[in-house]
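Here you get one chain, nothing else, as structure tokens; it is the form predicted alone.
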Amino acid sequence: MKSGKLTLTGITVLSTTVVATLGMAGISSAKQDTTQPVTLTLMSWNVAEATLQKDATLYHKLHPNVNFKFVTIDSPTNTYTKLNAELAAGVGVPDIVSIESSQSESFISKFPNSFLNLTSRVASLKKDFTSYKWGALTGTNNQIYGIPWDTGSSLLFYRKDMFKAAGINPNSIHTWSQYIAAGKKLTAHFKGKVKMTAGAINDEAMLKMLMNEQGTFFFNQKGQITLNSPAGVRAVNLLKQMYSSGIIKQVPVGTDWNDIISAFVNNQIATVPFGVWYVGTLETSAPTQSGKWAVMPLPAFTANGSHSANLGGSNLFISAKTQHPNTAYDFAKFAMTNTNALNVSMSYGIFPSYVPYFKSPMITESLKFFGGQKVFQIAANLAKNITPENHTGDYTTALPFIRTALYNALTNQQSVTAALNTAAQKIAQVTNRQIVK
């Protein structure tokens, strides 16, 4: 999951005594700390925070003594900047915070005593969530520090009207080679004013999907470095093809999230390859484009290759210093397992990882914004074949080296193989992890 509105900036703190306005189903099952008034502070980014606010409304209906304060940040990156400072200082940490799976192990590793140990509390829940989600929530002591939220089954979002104008049949795009060919055709038709997609040349998101599609990642399940594996080389070579073909609108890595949103809002790109959670970003950022978008599986490397990959997904963590551990956990569990709460997540395009919910009618719902497509059913089908990624506690440490490798390879400073080998060696040096030969 990522953020979903271009216009939010800075930090907004909302003090809310929530009042129920939504229909109810289900009950909250864990014990509360007290029947006296309780206030929980939650911190997240825009779309995720909006979801949690509605979850709080539902929860307050069941527990009128529980009120909420929200600290809303404009992006995950700025959320982590604030959270890092608060954890380091040991003050100001919210009761509950959302953290993406890619960052979860880094936070657990860096601040091992800062999050509530949920091992015994979630023992009965583990079987009900997609199994790959728990790895990012587990410390080196095998203790669990969070509750899974969403999965990031990847899709190719595309503009039907732009494809039609350029004479592109979406059903003809099965491989990345066909995607590049279609991109050249589209760019030529619009005389360069519309590109196939947008991205930062040293952003790792596409690399993650392209490696995951091949059943691998930057690290294997043993924590060994696989960035420079044959799959990594194939992925970066493909990215190099995309950039050199001129089908990508290049944006700076520091502002790429908002710049990509600007690009599709302003009709400058025709596709966005991202996780299913991008449904919410598109709907909230470009409501006037309803009916113009559709989705398809990611193109594969070969005609018979995998179309399944994961990008993103997040979780809820509870501060070890919370004054209300039982209530905080009860709300977090409610938000991640209650049918109505998960309906709220789905309404924002946030695809839950709670398996019993996969039978929900909302999974097979036709989405008006996407011309009646059953987008979530497509994502659910693809999710069945996703290979788990292991970000490890060193993902944040490795990221600058990965980005440098991408920049050097895609700007011809180094060959693809040399750039990835250099990055793998530097990651090994600072993390003491082995490089898989």
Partner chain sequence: MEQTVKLSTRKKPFRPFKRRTPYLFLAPFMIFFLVFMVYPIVYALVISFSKWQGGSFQFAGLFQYSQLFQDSIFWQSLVNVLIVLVIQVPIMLILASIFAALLNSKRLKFKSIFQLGFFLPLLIDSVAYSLTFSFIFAENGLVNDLLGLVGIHPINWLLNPFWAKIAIIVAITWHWTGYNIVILLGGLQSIPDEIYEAAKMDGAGSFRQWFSITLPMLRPLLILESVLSIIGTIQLFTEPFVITGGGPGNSTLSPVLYLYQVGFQQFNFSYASAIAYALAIIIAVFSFLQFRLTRGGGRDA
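Positions refer to the first chain, counted from 1. As the structure is a computational prediction, the values presented were derived from the model and not from experiment.
Same protein, other form: the form predicted in complex with the partner chain, not shown, and the subject of what follows.
Contact check for residue 107: a non-hydrogen atom falls within 4.5 Å of the partner chain in the predicted complex. Contact check for residue 111: a heavy atom falls within 4.5 Å of the partner chain in the predicted complex. Taking non-hydrogen atoms only, residue 387 never approaches the partner chain to within 4.5 angstroms in the predicted complex. Heavy atoms of residue 429 reach within 4.5 Å of the partner chain in the predicted complex, making it an interface residue.
With the partner omitted from this view, the residue of 251, 363, 231, 238 that lies near the partner chain in the predicted complex is 251 [heavy atom within 4.5 Å].
This chain is drawn without the partner chain; in the predicted complex, the residue among 381, 373, 397, 67 with a heavy atom within 4.5 Å of it is 397. Look at 40-48, 398-406, 364-372, 56-64: in the predicted complex, residues with non-hydrogen atoms within 4.5 angstroms of the partner chain sit in 398-406.
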